[in-house]
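A lone chain, given as C-alpha coordinates: the form predicted alone.
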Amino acid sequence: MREKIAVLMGGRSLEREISLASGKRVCDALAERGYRVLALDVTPDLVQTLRTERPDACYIALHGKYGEDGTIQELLEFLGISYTGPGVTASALAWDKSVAKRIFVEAGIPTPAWITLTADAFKETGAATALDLVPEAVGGFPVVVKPSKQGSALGLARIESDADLPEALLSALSFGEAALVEKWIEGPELAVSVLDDTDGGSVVLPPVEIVAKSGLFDFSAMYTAGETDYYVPARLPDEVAAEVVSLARQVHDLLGCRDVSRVDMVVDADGTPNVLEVNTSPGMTEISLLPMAARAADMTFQDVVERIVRAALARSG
(Lines give C-alpha, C1' and ligand atoms only; values in the text may rest on other atoms or scores of the structure.)
Protein backbone atom coordinates (compact mmCIF):
# COMPACT_ATOMS: atom_id res chain seq x y z
CA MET A 1 0.00 0.00 0.00
CA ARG A 2 1.28 3.47 -0.88
CA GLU A 3 2.11 6.28 1.54
CA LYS A 4 -0.41 8.19 3.61
CA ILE A 5 -0.72 11.81 2.48
CA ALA A 6 -2.63 14.41 4.48
CA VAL A 7 -4.01 17.14 2.22
CA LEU A 8 -4.36 20.39 4.16
CA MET A 9 -7.05 22.72 2.86
CA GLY A 10 -9.63 25.30 3.82
CA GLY A 11 -8.59 27.12 6.94
CA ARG A 12 -9.71 30.62 7.85
CA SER A 13 -8.10 32.72 5.13
CA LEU A 14 -10.10 34.78 2.65
CA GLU A 15 -9.22 32.15 0.04
CA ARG A 16 -10.88 29.32 1.95
CA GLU A 17 -13.30 28.26 -0.80
CA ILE A 18 -10.58 28.24 -3.44
CA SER A 19 -8.38 26.17 -1.15
CA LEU A 20 -11.16 23.64 -0.60
CA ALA A 21 -11.58 23.29 -4.37
CA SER A 22 -7.82 22.86 -4.84
CA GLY A 23 -7.66 20.35 -2.00
CA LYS A 24 -10.48 18.21 -3.34
CA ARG A 25 -8.81 17.91 -6.74
CA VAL A 26 -5.48 17.04 -5.11
CA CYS A 27 -7.17 14.38 -2.95
CA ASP A 28 -8.84 12.84 -6.00
CA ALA A 29 -5.57 12.83 -7.96
CA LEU A 30 -3.64 11.16 -5.15
CA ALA A 31 -6.38 8.58 -4.59
CA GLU A 32 -6.30 7.73 -8.29
CA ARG A 33 -2.57 7.06 -7.96
CA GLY A 34 -3.15 4.72 -5.04
CA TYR A 35 -2.07 6.86 -2.10
CA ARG A 36 -3.89 6.72 1.21
CA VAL A 37 -5.43 10.17 1.39
CA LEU A 38 -6.43 12.06 4.51
CA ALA A 39 -8.41 15.21 3.67
CA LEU A 40 -8.01 17.72 6.50
CA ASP A 41 -9.68 21.09 6.86
CA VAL A 42 -7.42 23.26 8.98
CA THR A 43 -9.19 23.62 12.33
CA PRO A 44 -8.05 23.79 15.98
CA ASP A 45 -8.03 19.97 15.91
CA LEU A 46 -5.38 19.81 13.19
CA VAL A 47 -2.32 19.21 15.36
CA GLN A 48 -3.94 16.44 17.37
CA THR A 49 -5.17 14.78 14.19
CA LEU A 50 -1.72 14.92 12.60
CA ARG A 51 -0.10 13.51 15.74
CA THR A 52 -2.60 10.67 15.78
CA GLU A 53 -2.57 9.88 12.06
CA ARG A 54 1.17 10.46 11.45
CA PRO A 55 0.97 10.92 7.69
CA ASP A 56 4.08 10.30 5.63
CA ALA A 57 3.77 13.82 4.23
CA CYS A 58 1.38 16.73 4.01
CA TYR A 59 0.29 18.29 0.75
CA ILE A 60 -0.32 21.98 1.42
CA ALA A 61 -3.35 23.00 -0.63
CA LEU A 62 -3.87 26.07 1.53
CA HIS A 63 -3.99 29.52 -0.05
CA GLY A 64 -3.56 32.88 1.61
CA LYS A 65 -2.56 33.78 5.14
CA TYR A 66 -1.39 30.94 7.41
CA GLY A 67 -1.03 28.63 4.40
CA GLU A 68 1.51 30.58 2.37
CA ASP A 69 3.22 32.86 4.89
CA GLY A 70 5.33 30.22 6.65
CA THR A 71 2.91 29.57 9.53
CA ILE A 72 1.79 26.06 8.59
CA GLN A 73 5.27 25.24 7.31
CA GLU A 74 6.87 26.08 10.65
CA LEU A 75 4.24 24.07 12.50
CA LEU A 76 4.81 21.00 10.35
CA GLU A 77 8.56 21.25 10.87
CA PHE A 78 7.96 21.39 14.61
CA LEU A 79 5.83 18.24 14.33
CA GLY A 80 8.49 16.53 12.21
CA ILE A 81 6.21 16.02 9.20
CA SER A 82 7.48 16.56 5.67
CA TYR A 83 5.37 18.84 3.49
CA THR A 84 5.08 20.04 -0.08
CA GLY A 85 6.24 23.36 -1.39
CA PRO A 86 8.75 25.95 -0.24
CA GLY A 87 9.99 26.02 3.33
CA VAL A 88 9.44 28.59 6.05
CA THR A 89 11.86 31.26 4.85
CA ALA A 90 10.94 31.13 1.16
CA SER A 91 7.24 31.14 2.00
CA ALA A 92 7.58 34.18 4.26
CA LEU A 93 9.69 36.08 1.74
CA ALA A 94 7.35 35.44 -1.18
CA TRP A 95 4.25 36.19 0.89
CA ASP A 96 5.48 39.71 1.64
CA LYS A 97 5.47 41.31 -1.82
CA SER A 98 7.36 44.36 -0.61
CA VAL A 99 10.22 42.33 0.86
CA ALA A 100 10.34 40.08 -2.21
CA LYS A 101 10.58 43.09 -4.52
CA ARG A 102 13.52 44.43 -2.53
CA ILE A 103 15.26 41.09 -2.99
CA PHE A 104 14.55 41.27 -6.73
CA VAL A 105 16.07 44.76 -6.97
CA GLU A 106 19.17 43.72 -5.04
CA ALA A 107 19.62 40.78 -7.43
CA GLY A 108 19.17 42.97 -10.51
CA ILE A 109 15.82 41.46 -11.45
CA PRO A 110 13.44 43.94 -13.13
CA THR A 111 10.32 44.74 -11.13
CA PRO A 112 7.94 47.71 -11.44
CA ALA A 113 8.76 50.78 -9.33
CA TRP A 114 6.79 50.85 -6.08
CA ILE A 115 6.40 52.25 -2.59
CA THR A 116 5.03 50.53 0.50
CA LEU A 117 2.76 52.27 2.98
CA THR A 118 1.68 50.72 6.26
CA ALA A 119 -1.38 51.32 8.36
CA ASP A 120 0.94 52.37 11.19
CA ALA A 121 2.57 54.96 8.92
CA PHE A 122 -0.83 56.55 8.40
CA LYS A 123 -1.83 56.33 12.06
CA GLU A 124 1.43 57.25 13.73
CA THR A 125 3.30 59.52 11.30
CA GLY A 126 0.70 61.25 9.15
CA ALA A 127 1.77 59.55 5.92
CA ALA A 128 -1.48 60.63 4.27
CA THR A 129 -0.03 64.14 3.92
CA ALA A 130 2.62 62.80 1.52
CA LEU A 131 0.36 61.02 -0.96
CA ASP A 132 0.99 63.84 -3.45
CA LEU A 133 4.56 62.48 -3.74
CA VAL A 134 3.44 59.03 -4.89
CA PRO A 135 3.25 59.67 -8.66
CA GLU A 136 6.81 60.99 -8.83
CA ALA A 137 8.09 58.14 -6.65
CA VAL A 138 6.75 55.40 -8.93
CA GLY A 139 6.89 57.11 -12.31
CA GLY A 140 3.40 58.50 -12.71
CA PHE A 141 -0.10 57.16 -13.20
CA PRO A 142 -1.62 54.69 -13.78
CA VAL A 143 -0.60 52.68 -10.74
CA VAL A 144 -1.72 49.45 -9.10
CA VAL A 145 -2.64 49.42 -5.42
CA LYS A 146 -2.63 46.06 -3.63
CA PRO A 147 -2.12 44.55 -0.19
CA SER A 148 1.48 43.61 0.51
CA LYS A 149 0.42 40.27 1.99
CA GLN A 150 -2.57 38.74 0.22
CA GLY A 151 -3.36 36.34 -2.61
CA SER A 152 -5.89 35.87 -5.42
CA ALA A 153 -5.58 39.57 -6.35
CA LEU A 154 -7.76 40.50 -3.37
CA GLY A 155 -7.80 44.24 -2.74
CA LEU A 156 -6.26 44.96 -6.15
CA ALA A 157 -7.14 48.21 -7.93
CA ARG A 158 -5.84 50.17 -10.91
CA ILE A 159 -5.74 53.90 -10.20
CA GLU A 160 -5.59 56.64 -12.83
CA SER A 161 -5.36 59.79 -10.70
CA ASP A 162 -4.51 61.28 -7.31
CA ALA A 163 -8.17 61.62 -6.41
CA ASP A 164 -8.76 57.85 -6.28
CA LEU A 165 -5.55 56.94 -4.44
CA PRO A 166 -6.68 57.39 -0.80
CA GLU A 167 -9.76 55.19 -1.19
CA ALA A 168 -7.75 52.47 -2.95
CA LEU A 169 -5.15 52.49 -0.19
CA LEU A 170 -7.85 52.31 2.46
CA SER A 171 -9.35 49.30 0.69
CA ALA A 172 -5.98 47.55 0.35
CA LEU A 173 -5.16 48.18 4.01
CA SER A 174 -8.42 46.52 5.02
CA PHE A 175 -6.76 43.25 3.93
CA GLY A 176 -3.59 43.72 5.98
CA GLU A 177 -1.14 46.06 7.61
CA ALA A 178 0.69 47.21 4.47
CA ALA A 179 -0.13 48.16 0.89
CA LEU A 180 1.93 48.58 -2.26
CA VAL A 181 1.52 51.33 -4.82
CA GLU A 182 3.18 49.98 -7.95
CA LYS A 183 3.74 51.46 -11.39
CA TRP A 184 1.32 49.97 -13.93
CA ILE A 185 3.15 48.39 -16.86
CA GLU A 186 1.15 47.93 -20.02
CA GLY A 187 1.98 44.64 -21.71
CA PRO A 188 1.39 40.88 -21.68
CA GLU A 189 0.74 39.56 -18.18
CA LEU A 190 2.21 36.12 -17.55
CA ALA A 191 2.05 33.31 -15.01
CA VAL A 192 5.12 31.09 -15.16
CA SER A 193 5.13 27.87 -13.12
CA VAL A 194 8.25 26.04 -11.96
CA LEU A 195 8.36 22.39 -10.85
CA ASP A 196 11.38 20.81 -9.18
CA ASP A 197 12.67 17.31 -9.71
CA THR A 198 13.66 14.99 -6.89
CA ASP A 199 17.19 14.99 -8.35
CA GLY A 200 17.64 18.73 -7.84
CA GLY A 201 16.70 19.93 -11.31
CA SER A 202 13.65 21.93 -12.32
CA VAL A 203 11.35 22.43 -15.26
CA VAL A 204 9.61 25.65 -16.24
CA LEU A 205 6.15 25.02 -17.66
CA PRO A 206 4.90 26.97 -20.69
CA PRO A 207 4.10 30.56 -19.68
CA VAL A 208 0.40 31.37 -19.48
CA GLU A 209 -0.63 34.72 -20.98
CA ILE A 210 -3.52 36.34 -19.14
CA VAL A 211 -5.89 38.75 -20.89
CA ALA A 212 -8.58 40.02 -18.53
CA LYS A 213 -11.51 41.49 -20.44
CA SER A 214 -11.85 44.23 -17.82
CA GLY A 215 -8.19 45.15 -18.24
CA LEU A 216 -7.39 44.12 -14.64
CA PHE A 217 -6.76 40.54 -13.52
CA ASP A 218 -8.44 40.93 -10.13
CA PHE A 219 -10.35 38.39 -8.03
CA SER A 220 -13.45 38.64 -10.22
CA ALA A 221 -11.50 38.21 -13.46
CA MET A 222 -9.62 35.29 -11.94
CA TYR A 223 -12.61 33.27 -10.80
CA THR A 224 -15.55 34.34 -12.98
CA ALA A 225 -16.00 32.14 -16.05
CA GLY A 226 -15.60 34.02 -19.32
CA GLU A 227 -14.01 37.13 -17.77
CA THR A 228 -10.46 36.27 -18.85
CA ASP A 229 -8.83 34.74 -21.93
CA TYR A 230 -5.73 32.59 -21.58
CA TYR A 231 -3.07 31.72 -24.14
CA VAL A 232 -0.72 28.80 -23.50
CA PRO A 233 2.04 29.11 -24.43
CA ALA A 234 2.05 32.90 -24.21
CA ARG A 235 2.21 34.82 -27.49
CA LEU A 236 5.78 36.06 -27.15
CA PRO A 237 8.75 36.41 -29.52
CA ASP A 238 11.13 33.50 -29.08
CA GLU A 239 13.85 35.59 -27.44
CA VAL A 240 11.41 37.08 -24.93
CA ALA A 241 9.92 33.67 -24.18
CA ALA A 242 13.40 32.30 -23.47
CA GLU A 243 14.13 35.21 -21.13
CA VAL A 244 10.83 34.66 -19.30
CA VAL A 245 11.65 30.99 -18.70
CA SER A 246 15.17 31.81 -17.50
CA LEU A 247 13.88 34.56 -15.19
CA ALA A 248 11.24 32.30 -13.62
CA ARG A 249 13.88 29.73 -12.73
CA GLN A 250 16.19 32.45 -11.39
CA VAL A 251 13.48 33.91 -9.14
CA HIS A 252 12.44 30.45 -7.92
CA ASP A 253 16.03 29.80 -6.85
CA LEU A 254 16.64 33.32 -5.51
CA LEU A 255 13.84 33.09 -2.93
CA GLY A 256 14.84 29.54 -2.03
CA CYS A 257 11.66 27.94 -3.38
CA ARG A 258 11.39 24.19 -3.79
CA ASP A 259 8.94 21.73 -5.36
CA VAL A 260 6.69 24.34 -6.94
CA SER A 261 6.22 28.06 -7.46
CA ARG A 262 4.44 30.39 -9.85
CA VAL A 263 6.21 33.58 -10.89
CA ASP A 264 3.91 36.35 -12.12
CA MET A 265 5.36 38.80 -14.64
CA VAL A 266 4.47 41.53 -17.09
CA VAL A 267 6.44 42.27 -20.26
CA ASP A 268 7.02 45.97 -20.91
CA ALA A 269 7.10 47.82 -24.23
CA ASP A 270 10.83 47.12 -24.61
CA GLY A 271 10.24 43.37 -24.31
CA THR A 272 11.70 43.17 -20.81
CA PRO A 273 9.94 40.80 -18.37
CA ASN A 274 9.23 42.44 -15.00
CA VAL A 275 8.55 40.23 -11.97
CA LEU A 276 5.44 41.18 -10.00
CA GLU A 277 5.30 38.50 -7.30
CA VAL A 278 5.77 34.82 -6.51
CA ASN A 279 3.07 32.37 -5.45
CA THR A 280 4.34 29.45 -3.35
CA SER A 281 1.05 27.52 -3.19
CA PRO A 282 -0.50 27.90 -6.63
CA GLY A 283 -4.15 27.14 -7.12
CA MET A 284 -5.03 23.62 -8.29
CA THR A 285 -8.67 24.17 -9.27
CA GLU A 286 -10.16 23.38 -12.67
CA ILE A 287 -9.36 26.90 -13.88
CA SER A 288 -6.04 27.47 -12.09
CA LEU A 289 -2.97 28.59 -13.99
CA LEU A 290 -0.48 25.87 -13.01
CA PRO A 291 -2.68 22.96 -14.16
CA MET A 292 -3.37 24.93 -17.34
CA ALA A 293 0.37 25.22 -18.02
CA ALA A 294 0.91 21.55 -17.20
CA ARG A 295 -1.67 20.49 -19.78
CA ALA A 296 0.22 22.47 -22.40
CA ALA A 297 3.35 20.53 -21.43
CA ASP A 298 1.49 17.21 -21.85
CA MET A 299 1.47 16.58 -18.09
CA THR A 300 -1.70 15.30 -16.47
CA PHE A 301 -2.97 16.81 -13.26
CA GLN A 302 -2.14 13.54 -11.52
CA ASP A 303 1.42 13.76 -12.87
CA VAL A 304 1.88 17.22 -11.37
CA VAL A 305 0.42 16.35 -7.98
CA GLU A 306 2.41 13.14 -7.66
CA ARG A 307 5.61 14.91 -8.71
CA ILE A 308 5.14 17.46 -5.92
CA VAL A 309 4.28 14.76 -3.38
CA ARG A 310 7.28 12.61 -4.30
CA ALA A 311 9.55 15.58 -3.67
CA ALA A 312 8.14 15.96 -0.16
CA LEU A 313 8.39 12.23 0.50
CA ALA A 314 12.03 12.28 -0.58
CA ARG A 315 12.73 14.66 2.32
CA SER A 316 10.91 12.56 4.93
CA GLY A 317 12.65 10.13 7.21
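The structure displayed is predicted, hence computed values, not measured ones. Numbers follow the displayed sequence, beginning with 1.
Below, we turn to the form predicted in complex with a small molecule, even though it does not appear here.
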Select, from the options 237 to 245, 182 to 190, 76 to 84, 118 to 126, the stretch whose residues sit within 4.5 angstroms of the small molecule in the predicted complex by heavy atom distance.
182 to 190
Flag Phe141 as yes or no: does it have a non-hydrogen atom within 4.5 angstroms of any non-hydrogen atom of the small molecule in the predicted complex?
no
Would you classify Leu50 as touching the small molecule in the predicted complex, given a 4.5 Å non-hydrogen atom cut-off?
no
In the predicted complex, does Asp264 have a heavy atom within 4.5 Å of the small molecule?
yes
Please check if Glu277 has a heavy atom lying within 4.5 Å of any heavy atom of the small molecule in the predicted complex.
yes
Check each of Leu165, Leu93, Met222, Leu195 and return the one that places a heavy atom within 4.5 angstroms of the small molecule in the predicted complex.
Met222
Could you work out which of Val208, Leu156, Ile159, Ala178 is the residue within 4.5 angstroms of the small molecule in the predicted complex, going by heavy atoms?
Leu156
